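Next up: a single chain in structure tokens, the form predicted on its own.
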């Protein structure tokens, strides 16, 4: 069965990309669009309008896209490339200039569906949304829709997130706004809800009676590279926690929605963050760890310490790693800690969620040489290898009763011969079809920042405090390990051979 037989092609529409000459468009959006076309999910009369400040013209923009297609792949060959390039137009203009939007209005058919994608720095989000609203480009007709896609990070703290929401919702309805997080386009992330609610053996165990704790890890091997100026003003917490990690958290911890409709699903996700225990000043210091990477080796190559990276101040106190312990104060999760961590320049690239179940009683084995039973855990692998692993104990063959832990693993690639994807395909298709289930609502965005604001405030007061330094290529600082060891627990290994502390 083909993807086209499973889902129909999206409705006729024009995709307008602000920041169309940037890296995001070439590296991720264009390959995602080509994959959608490969699977028969784009309309035949699809059109693409690119907007950026460079004077390229239609032909120059097509050359720019052609080079990107060759560099980043996707699609099915020259014919596929031609299909896109004949549907492309380009508009040069400044994002803050009213003239840009006057010219865009002339390019767009008033009766056509239009999807505006803000592939720009966050500082431009409110500017572009405001200008689109002033030009009437977000006004919907009787038959045609107008939608707005906004990349993360959505704000840099609670006041800025509230202000950005107010600006955007002043020119568009919530139903028109799609705050995108490409992690939610991963098959395993989408499969969390199916795994939980479509399998009768799972949901009865998904609570404080059977689960000891939950770990969520988003580890990257890359450092900041040439993005030091952007990253030093952002840091690991702002870059990853209120969006990526909290989205994974809410999918794991939410209550069953009444149906899979967007509002029902998103309302349950919002309740998780509302139930999360707020951080006081002491909690922020005791239960949140931040650190920077130093020297080390990753994949045989020496890593430049963060403070020596291009465009990073030599005395920077911006974190490249953050770990935290969260509590969710509701009936399902009372007493179950959630441990979250994310960082750059770590041992391996890995995004996963581990559900650690409580151990069975040891009493049955008191007269055997067994002093500890293997862990029972369920790990959802999100990247790079998408799948699910279940860990459980088995008897080692032989006359004596000896037990060892084993893992039973399911991989999407093995089971379904899954095709290459960027993680954006599902999300772009959902935007075109109007399904907002995988996108954050304004209240969820603000709830995430509200939870993190006391941590940011405490860090600001403690700017002179020295940050722990972890070796590049390790699993992070020892302070993150202590976050769990004081509770009698330990992180699931990230992997690699460079876990020695500096």
Ligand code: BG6
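Positions refer to the first chain, counted from 1. Bear in mind the structure is a predicted one, so any value in this text is a computation, not a measurement.
What comes next is about the form predicted together with 6-O-phosphono-beta-D-glucopyranose (BG6), which is not displayed.
Taking the partner from the other structure, 6-O-phosphono-beta-D-glucopyranose (BG6) in the model of the complex has a heavy atom within 4.5 Å of a heavy atom of residue 349. In the model of the complex, 6-O-phosphono-beta-D-glucopyranose (BG6) lies within 4.5 Å of some heavy atom of residue 239. Mapping the unseen interface onto this chain, residue 186 counts among the residues with a heavy atom inside 4.5 Å of 6-O-phosphono-beta-D-glucopyranose (BG6) in the model of the complex.
Although the partner is absent here, residue 389 lies well away from 6-O-phosphono-beta-D-glucopyranose (BG6) in the model of the complex, with no heavy atom inside 4.5 Å. With the partner omitted here, the residue from 383, 247, 165, 265 that has a non-hydrogen atom within 4.5 angstroms of 6-O-phosphono-beta-D-glucopyranose (BG6) in the model of the complex is 383. Note on contacts: among 146, 182, 341, 290, the single residue with a heavy atom within 4.5 Å of 6-O-phosphono-beta-D-glucopyranose (BG6) in the model of the complex is 182. Here the chain stands alone, but in the model of the complex its contact with 6-O-phosphono-beta-D-glucopyranose (BG6), taken as any heavy atom within 4.5 Å, falls in 219-227 among 111-119, 219-227, 426-434, 171-179.
Of all the residues from 141-157, the single one having a non-hydrogen atom no more than 4.5 Å from 6-O-phosphono-beta-D-glucopyranose (BG6) in the model of the complex is 152.
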